[in-house]
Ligand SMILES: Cc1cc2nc3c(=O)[nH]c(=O)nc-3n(C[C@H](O)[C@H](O)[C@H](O)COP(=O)(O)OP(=O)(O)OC[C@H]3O[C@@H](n4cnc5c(N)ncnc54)[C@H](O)[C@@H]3O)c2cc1C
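Take a look at this single chain, the form predicted alone, given in structure tokens.
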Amino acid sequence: MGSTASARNGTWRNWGGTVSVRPAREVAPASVDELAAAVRRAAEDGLPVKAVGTGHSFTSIAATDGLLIRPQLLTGIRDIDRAAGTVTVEAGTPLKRLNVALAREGLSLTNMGDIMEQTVSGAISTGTHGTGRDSASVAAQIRGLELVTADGSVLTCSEKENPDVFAAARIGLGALGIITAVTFAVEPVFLLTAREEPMPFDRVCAEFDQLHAENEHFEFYWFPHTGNTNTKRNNRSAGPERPVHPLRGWVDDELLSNGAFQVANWVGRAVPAGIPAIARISSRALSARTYTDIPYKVFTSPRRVRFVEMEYAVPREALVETLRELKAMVDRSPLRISFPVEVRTAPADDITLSTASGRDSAYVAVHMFKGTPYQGYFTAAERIFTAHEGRPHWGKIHTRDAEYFSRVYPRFGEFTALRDRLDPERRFRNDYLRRVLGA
């Protein structure tokens, strides 16, 4: 994912092209005090308030026709506490910039997602995650938060200070306040060895429990219309550092994974009947490789081909059955799917509305090339996911509502009660929050 959201003629659009809004006004505050003052002025004028990051959510979670806050001036590291193993960072900082700055200081997050274009606050507010046997989402690494609440006051929280807010606001959906700073747990930078290799779909399913148990970070991509997957295992290494050769990296990550894949999707969009043949070629395009590098260079990769996405977290023990049902649905349908299905895992955490809250989880993400009809595929996939009590990623396309979430999140009522207390007048409201949280 390269470029971010755009604004033309006063209209804000997200990266995937699924959302566009025209806010009444926009501000880019340069300090927490300026942000708080903007929230108070919006309250006086009766305007709802939302903050946007780089627009990588496919849902309208950040959309507003009121006051749109752009946090691009609230960036950089505030404080590094090496004794405590924490770093406090301004909420508008892009993850890419944070990762580079941490590496310069000899530090790293323990786990991260597979892209780093998002802002810190945007990533945590929607539940961005990577894959991990023992290490959880980006939000699970938070040790403290600072946010501006609906009345314009500044509230800080941690496990010891306002712990009820901390339990919820780490993945707060933008419903509890505007995050201004985040304190992360960090550790000395380490090395990961990545092993990438093709593997048959049936073998991955048969050996999934073993692959998950034996690797710190395991993920794979299944190519619809084929029986092929590409797998990736990331494990800590004593070194030495052996990064991908620059030429091999350009061929694999730019020429094949982005350039040729873009062309293949253009062809597939024009001639859908050719997609199965294209999928068979694409699934064999990348050969096995092994490399060792610092975390963000292993966990993340460039995504320049634009798409729309749905992702659900299902109980980890239900993953293989879910995948087999998804494959059977695709095989018997007239659907033509040009994008691979991404599968990752996360351990249970204690964040109120985390998709892994209280249960070990597996994530299944389905994608469609931007500009191609996705509704039929996503509707059929969502039917499978929800039959397994799946929880949709808050920033990715889904059709679920508050009634559904009250059933699949045991602590859903805790979150809505906290929202009633912190934002009784719904200053941070929008249509998306009305649907997923209720009035």
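These numbers were taken from a predicted model, which means no experiment stands behind them. Throughout, we count residues from 1 along the sequence that is shown.
A second form of this protein, the form predicted in complex with the ligand, is not displayed here; the remarks below concern that form.
Trainee: Spot the stretch among 24-32, 369-377, 37-45, 391-399 with residues whose non-hydrogen atoms come within 4.5 Å of the ligand in the predicted bound form.
Mentor: Going by heavy atoms within 4.5 Å, the stretch is 391-399.
Trainee: Is the ligand close enough to Trp15, Thr54 and Arg303 in the predicted bound form that each of the three has a heavy atom within 4.5 Å of it?
Mentor: Affirmative, all three are within 4.5 Å.
Trainee: Is Thr128 one of the residues lying within 4.5 Å of the ligand in the predicted bound form, judged by heavy atom distances?
Mentor: Result yes; Thr128 sits at the interface with the ligand in the predicted bound form.
Trainee: So, in the predicted bound form, is Gly174 in contact with the ligand at a 4.5 angstroms heavy atom limit?
Mentor: Gly174: contacts the ligand in the predicted bound form.
Trainee: Considering non-hydrogen atoms and a 4.5 Å limit, does the ligand approach Pro276 in the predicted bound form?
Mentor: Outside the cut-off, so no.
Trainee: May I ask you to state whether Asn111 is within 4.5 Å of the ligand in the predicted bound form, using heavy atom distances?
Mentor: Asn111: no contact with the ligand in the predicted bound form.
Trainee: Only one of Leu353, Leu323, Ala91, Ala264 has a non-hydrogen atom within 4.5 angstroms of the ligand in the predicted bound form; which is it?
Mentor: Flagged contact: Ala91.
Trainee: Which residue, Ile77, Ala285, Ala103, Ile115, has a heavy atom that falls within 4.5 Å of the ligand in the predicted bound form?
Mentor: Among Ile77, Ala285, Ala103, Ile115, a heavy atom within 4.5 Å of the ligand in the predicted bound form occurs only for Ile115.
Trainee: Using the arrangement in the predicted bound form, list in sequence order the residues of 282-296 with any heavy atom within 4.5 angstroms of the ligand.
Mentor: Not one residue comes within 4.5 Å of the partner.
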